[in-house]
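Quick heads-up: it's one chain on its own, the form predicted alone, in structure tokens.
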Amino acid sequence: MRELWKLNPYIAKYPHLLLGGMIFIFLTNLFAVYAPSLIGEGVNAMKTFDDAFLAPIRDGQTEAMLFAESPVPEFPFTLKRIQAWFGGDTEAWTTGLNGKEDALAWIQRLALWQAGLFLLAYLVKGVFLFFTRQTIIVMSRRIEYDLKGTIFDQYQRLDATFYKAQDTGDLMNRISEDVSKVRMYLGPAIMYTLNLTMLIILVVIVMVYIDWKLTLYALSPLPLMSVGIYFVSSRINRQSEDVQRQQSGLSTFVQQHIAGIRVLKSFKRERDATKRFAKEADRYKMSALDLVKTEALFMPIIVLLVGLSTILTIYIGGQRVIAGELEVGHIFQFIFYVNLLTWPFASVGWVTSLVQKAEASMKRINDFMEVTPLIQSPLANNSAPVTMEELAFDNVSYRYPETGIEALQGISFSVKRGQIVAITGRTGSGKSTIAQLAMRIIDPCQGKVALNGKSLTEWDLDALRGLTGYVPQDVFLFSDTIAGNIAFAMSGEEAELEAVKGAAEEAHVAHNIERFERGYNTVLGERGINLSGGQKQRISIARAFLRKPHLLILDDCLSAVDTETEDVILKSIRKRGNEAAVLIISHRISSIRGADHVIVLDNGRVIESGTPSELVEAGGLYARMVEQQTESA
């Protein structure tokens, strides 16, 4: 449980809930143990009364002779105490017992009293059980909330390099499945462990007090049940995980084929898909059936061993009653205690399994939480940039660690406030890498990227990114309203609708939005699926415009728009360029023809730079790109 010990700081936040839960568990078990003693007391009192009054009548003694003596029967201890609390006397119950009918009425009255006290004890037990769950389980839910918040904060701290090396599904499992398994340890596992411990102590003390020999016989099968349930539970857990894997594979198969339904139909592969689905479903079915067969062993083991314990209790207890060493009511009491201990003993295997799963899940969470982000803000005493005057690349090189590909080699250029600089080149020449370096999503392997003459690593990271507006090549929209997606750039601030509309006008997407039935309140599907590619790009541009950034970075974000729309957006960018520095990255010559300066990359190196007209006259790669794209147009 080494990994689970790291949860102690979370548990320490809620000591009142843990302590309260322990108190309520103790009180719950106290009344659970006390209730069967009422049954034992009642049965013993009725047996005593039967021996004193009714048995002699059955043996031939007359009622007149028997009831004339007016003996006082032995009363249950609890009932005598209650009568004493209320100033009554149990001897008054025997007044006027003049015959067999009166005696039977007395027994009925006693039975009703004992049954009422029994129900009251279980009612109080139920109340304390409710408060137990309102403390221990609530504590686990609060820690679950805290843990998910901590993990999500870590997600946001980690850099792009980490995410490139990780599977998205695995990251989702850590904040969902793994945290849920940890919560099962914090809630049910702790609760049932405390419950089992306290219940065993209380029950064994009472049973040993009554008869230690019968206690040994009655409890002897229960440890065997715990061992059997442990092995069955371990097998169930392994098979459950296999079923979950098969179900995950089946779900993935269906999801992929639904997402690619047009490709599936266009290639006429429905029959093949059906056959492969049948194979996946068959594997899931076999795994589920194996699990069902194993689960079928669970209840028979419990019933068998509890039945054996009950038989031993009745047989051994009956012999001791005949020998005069025990009262018959105690046998009833022992049977209740055996059944009371059934689930706690059976839960040992289940709780052990919960702890094992939680340990494995917590290790996965701890491994992830101990990862140190490569991109971090400097010390707090470093100043934050308040404006952007110049962004400069000084002999910058970058190699992707996961592939070893050298994306950039010795890149040097600068972009100043009020200037538009364009980066172009063939596919894979390193254009997008420059955008990531400018945003400090990654850091260079060599050289320096500087803002206002100071390296980006020396500026506060949040303040730095607060000055920028970034439109990535892979546009991402949230499942929110169009207005919410545009206003996302405002960092939690309330953006006025008029400002949102103004940004949409600049991005030349307002007329499209207004055609929707709900306009700016239109809710987008996952990743903006109900929009065209061009509309998504323009909404993403409007998001960056709304922010009024000091540095605007556009990474090939006009690839899905027509020429007319591109011209309107470029005019808006030119207006922005009078106030901010603009870095346009594109392979389309039409997108960069209005730039003040163009840098041409090839294989990660700068091979040309200058104004668009100068580069055309130079007759290099840029001129060839212009020629090719002009011919294709």
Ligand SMILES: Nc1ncnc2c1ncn2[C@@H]1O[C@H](COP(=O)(O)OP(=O)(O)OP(=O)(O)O)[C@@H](O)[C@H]1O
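Keep in mind that this is a model prediction, so the values were computed, not measured. The first residue of the sequence shown is number 1, and the count goes up from there.
Omitted from view is the form predicted together with this ligand, to which the following refers.
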Review point. Should residue 234 be counted as a contact of this ligand in the model of the complex, where contact means heavy atoms within 4.5 Å?
Key: no
Review point. Could you tell me if residue 405 has a non-hydrogen atom within 4.5 Å of this ligand in the model of the complex?
Key: yes
Review point. Does the 4.5 Å heavy atom contact test between residue 429 and this ligand in the model of the complex come out positive?
Key: yes
Exercise for review: May I ask you to state whether residue 473 is within 4.5 Å of this ligand in the model of the complex, using heavy atom distances?
Suggested key: yes
Study note, to complete from the structure: The one option of 109, 164, 511, 279 with any heavy atom within 4.5 Å of this ligand in the model of the complex is 164
Exercise for review: Taking 4.5 Å between heavy atoms as the contact cutoff, choose which of 155, 128, 516, 400 touches this ligand in the model of the complex.
Suggested key: 400
**Study point:** Region of this chain that lies against this ligand in the model of the complex, out of 207 to 215, 118 to 126, 429 to 437, 284 to 292 [heavy atom, 4.5 Å]
**Key:** 429 to 437
